[in-house]
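The chain below stands alone, shown as C-alpha cells; this is the form predicted alone.
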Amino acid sequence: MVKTHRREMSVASAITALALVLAVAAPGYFSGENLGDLFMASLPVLLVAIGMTLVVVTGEIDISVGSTFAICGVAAGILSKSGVPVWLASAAACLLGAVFGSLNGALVAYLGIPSIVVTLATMTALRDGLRWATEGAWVQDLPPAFQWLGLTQTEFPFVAAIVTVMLTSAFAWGLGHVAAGRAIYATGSNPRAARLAGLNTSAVKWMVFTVLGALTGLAAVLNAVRFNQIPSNAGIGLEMKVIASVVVGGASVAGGTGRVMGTVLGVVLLAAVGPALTFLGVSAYWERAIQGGIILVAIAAEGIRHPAYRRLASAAASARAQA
C-alpha cells in the first residue's frame, strides 16, 4: 500500500502542477462553465473506473465496458420512449449492465478463460450487435421526463454529484474495511493462498465483474440524460480512459494493489489533459499522445517487465482499434 500512496501523491502533484500552469497561462480554464462541463463529462468515467478498480485488483481486466455503456444508454432511452417510468428504465439499464458483467465474470471465473480474451470477444459482439439492432440510428424524441432524470438542468449536477460521491466513498471505505474488500485484495495478491484460506476466488471475480457492469449501466444513464438524443456509438474509447485512470492511480494489472482514491486522482488528471490543451492553444490531437506518455510513466514506476502488463498493452491496442 505504501507504493500506492506514493503513486497517489505523484498524481496529485501532477494535477497541482497542471493547475498552476493553467492558472498563469490560461486562467479561463477555471471558468464555472468549463469546470462544470468537465465535471459532468468525468462522472460517468469515474463510476466505470471505480468498478474497473475492483476488477484490476483481482488481477483481471475488462475492455468491453464501452460496448456495455452504449447498449445500456440506448436501452434506457428506448424503455423511456415506450412509456416506462424513468426510474424504472434507469434501474433496467443498471440491471442489463450487471447481466453483461456477470456473463464476463462467469466465463473468466468459472471457465478459466483469460479476461482479455473474454472481454475482447464481448466488446466486439455487443458493439456489432447494437449496430445491427439499431442500424446505426440514434434514439431520438425522448420524453421530457427522461431529460435530466426529470430534474432541472441546475438540479441534476448536484444530484449526480451526491450519488457519485456516496458511491465513491462507499467503495473506497469498503475496499479497505469490509470482508469482501479484503477478499478482493487477497484474490489478486495470491489466488492460491486465498483459496487455501477458504476464499471462493471464483465467486469474488464473478462479483467484481458484475459490480463493474452495474456501475457501467448507471454511468450510461447519467450520461444519456444530459442530451436530447442517445447515440448508438457512445462509449467508444471509454475502455482506454478507464483502464488508464485506474493504472495511473496506482493499481497494478498484476493484481493485489489499487485504491479507489487513486483512481479518482487518475480520472481527474487524464480528464484535465484534453481541455487544458485547448486552452493552451495546443492541437487536441496531442491528447492521446500525452495520455499515453502518462500511462507509460505510471507503468514504468511499477516495473514494465512484469508479464501482467502485456494485458494492459493488449487492452490499449484493442481500445484504439475501436476508436
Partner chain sequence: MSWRQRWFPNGEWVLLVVLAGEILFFSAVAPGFFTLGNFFEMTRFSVELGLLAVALTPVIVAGGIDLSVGSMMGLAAVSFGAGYHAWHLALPLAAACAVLVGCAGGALNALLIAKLELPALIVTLGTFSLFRGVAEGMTQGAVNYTGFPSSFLFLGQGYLGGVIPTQLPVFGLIVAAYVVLLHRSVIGRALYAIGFTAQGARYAAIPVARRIGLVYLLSGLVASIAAIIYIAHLGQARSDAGTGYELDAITAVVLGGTSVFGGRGTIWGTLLGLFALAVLQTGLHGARSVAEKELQVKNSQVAVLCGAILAGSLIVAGTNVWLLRAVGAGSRGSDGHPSPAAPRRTVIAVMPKAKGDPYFVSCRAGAEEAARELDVDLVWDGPTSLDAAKQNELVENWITRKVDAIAVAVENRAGISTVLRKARERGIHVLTWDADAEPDARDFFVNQATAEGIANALTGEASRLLGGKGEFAIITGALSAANQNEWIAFIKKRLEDTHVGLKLVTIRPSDDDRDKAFAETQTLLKVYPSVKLMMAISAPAVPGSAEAVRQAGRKDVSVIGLSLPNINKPYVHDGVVQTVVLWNTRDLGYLAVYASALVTGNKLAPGARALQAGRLGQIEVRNREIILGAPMLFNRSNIDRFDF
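Residue numbers count along the first chain shown, from 1. Since this is a predicted model, take the numbers as computed values, not measurements. Whichever C-alpha set is largest while still superposing within 1.5 Å between the two forms counts as the rigid core.
One more form of this protein should be noted, the form predicted together with its partner chain, which is absent from this view; the next part is about it.
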Legend entry - Stretch in contact, per heavy atom within 4.5 angstroms of its partner chain in the predicted complex, of 160-168, 184-192, 134-142, 70-78: 134-142
Inset, instruction - Run the contact test on 54, 65 and 82 with a 4.5 Å heavy atom cut-off to its partner chain in the predicted complex and return yes or no. - result: no
Inset, instruction - Could you work out which of 201, 223, 90, 210 is the residue within 4.5 angstroms of its partner chain in the predicted complex, going by heavy atoms? - result: 223
Legend entry - Listed residue that, although its partner chain is not shown, lies within 4.5 Å of it in the predicted complex (heavy atoms), from 149, 103, 95, 113: 113
Legend entry - Interface membership of residue 244, its partner chain in the predicted complex, 4.5 Å heavy atom rule: yes
Inset, instruction - Indicate whether residue 174 is a 4.5 Å heavy atom neighbour of its partner chain in the predicted complex. - result: no
Legend entry - 4.5 angstroms heavy atom contact with its partner chain in the predicted complex for residue 299: yes
Inset, instruction - Would you please decide whether residue 99 lies within 4.5 angstroms of its partner chain in the predicted complex, comparing each non-hydrogen atom pair? - result: no
Inset, instruction - Sequence order please: the residues of 50-73 with a heavy atom within 4.5 Å of its partner chain in the predicted complex. - result: 59
Legend entry - Rigid-core frame, C-alpha of residue 292, shift of 2 angstroms or more between this form and the one not shown: yes
Inset, instruction - Indicate whether residue 25 shows a C-alpha shift of 2 Å or more between this form and the one not shown, with the rigid core used for the fit. - result: yes
